[in-house]
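One chain follows as structure tokens, the form predicted alone.
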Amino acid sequence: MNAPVSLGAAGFLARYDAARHLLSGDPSVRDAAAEAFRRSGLPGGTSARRPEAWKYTSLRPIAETALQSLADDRDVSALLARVPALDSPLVVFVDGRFRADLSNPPAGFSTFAKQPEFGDLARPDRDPMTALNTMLAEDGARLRIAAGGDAGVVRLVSLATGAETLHPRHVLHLEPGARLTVLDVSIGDGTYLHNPVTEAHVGADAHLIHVRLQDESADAFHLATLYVDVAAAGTYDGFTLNLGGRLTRAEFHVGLTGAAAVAHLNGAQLLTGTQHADFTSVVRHAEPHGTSRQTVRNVLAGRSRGVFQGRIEVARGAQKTDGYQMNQALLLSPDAEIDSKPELEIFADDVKCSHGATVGELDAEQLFYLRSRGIPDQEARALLVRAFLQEGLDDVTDARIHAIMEASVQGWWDRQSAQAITERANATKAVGA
């Protein structure tokens, strides 16, 4: 086992300086990213300075964490057993590196290690976690679907077993008329930082369904940044389910750059304990007749904290835009917290844009009704929580993936129920003593 590694900004920069000569790709791009990161640092890392985009989420816990790098040959079988089973191509990355022996990749697949190109959507000069990824990325998936092709479902899996930090760089490229469904799964064990950057190019009349299941270790940090470009009549259909991690953030930058382009950014965050999860999105309507939908549901227990920041930007020429965003929170504890910040920035005059937010707790009358019908308290609560989440899960239209999402939600609730039973038993023993 190696010595602890600091994750403060200075530590990351020192790591880059030491590894710079070993990293592939254009060194000038990495150097520029390192300089940008040197200026920005980690948002809220070791100082009070925090940009507006990080108003509700501080990365101080990351800066103050020292990680242990474990052996490289750790057994991954237990983590692999948690990967959703599907009869579909499988791409596996372990500690940020592609594992061909565990994978069955589809046609059109390559890796960043073989083609170290950073793409043109990501913005390391403005987004600090993208700058950090650009500095230290070693590998990632590159998947191109030919025009008119249908690649079906591809599982993209990241397993974290021992590395202190993972910085995968993924690129999804759909040519005109192509179809692809990606089940993007993150699973891990231990304390680590997973900092993936994904670029998705959706060609004219192409359709990308991107379902993300984040179920990292309870001690992990997961900070994902996604950049999406949608051409005319193309569709990006995204759904994110946040379950694991100590501190997590999913940040989307979506550009509807063609007429009649469509983007769906839906999700659910299920948190407990002291978990902190942040869903941030910026959707830019650049051309007419674009449509965007964002609905994020939060179920918050314990002392957890959820964050939703959603901004819709409508350019002057993007007439007939239809944009909508909604954040809903169900608080299962008086100590849970939700921060919601929806925004509209509109420069066109013929648009239909709206946003909203709701915060509440389980309906006491509904709970009483279920209990009066003989349903145990914890089961009654589960029914109401599932009803709250069901409409969101219905956004996942692939039946097989929908079943995986439902099973993941059920597993989360089963863990909460078991914990609640244990706490009540301990409280009863304490009173008896």
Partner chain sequence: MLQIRGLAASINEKPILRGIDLTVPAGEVHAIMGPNGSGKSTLGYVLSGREDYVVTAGTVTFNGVDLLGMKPEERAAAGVFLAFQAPIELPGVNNANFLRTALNAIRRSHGESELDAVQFLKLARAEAKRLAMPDDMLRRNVNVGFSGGEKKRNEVLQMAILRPKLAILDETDSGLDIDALKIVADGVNALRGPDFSALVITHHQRLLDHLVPNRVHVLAQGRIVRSGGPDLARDLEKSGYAGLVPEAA
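Basically, rigid core = biggest C-alpha set you can superpose within 1.5 Å across the two forms. Residue numbers count along the first chain shown, from 1. Being a predicted model, the structure only gives us computed values, none of them experimental.
The form predicted together with its partner chain is left out here; the points below concern that form.
The three marked residues, R371, E379 and E391, each reach its partner chain in the predicted complex, with a heavy atom inside 4.5 Å. Its partner chain is not drawn, but in the predicted complex it has a heavy atom within 4.5 Å of E365. Proximity of A36 to its partner chain in the predicted complex: non-hydrogen atoms within 4.5 Å are absent; the residue sits far from the partner. Using a 4.5 Å cutoff between non-hydrogen atoms, A387 counts as a contact of its partner chain in the predicted complex. With a 4.5 Å cutoff on heavy atoms, I375 counts as touching its partner chain in the predicted complex. Of the candidate stretches 397-405, 56-64, 27-35, 379-387, only 379-387 contains residues with a heavy atom within 4.5 Å of its partner chain in the predicted complex.
After superposition on the rigid core, the Cα of P27 moves by less than 2 Å between this form and the one not shown. S58: CA moves less than 2 Å between this form and the one not shown after rigid-core fitting. Taking the rigid core as fixed, one finds a CA shift for A399 smaller than 2 Å between this form and the one not shown.
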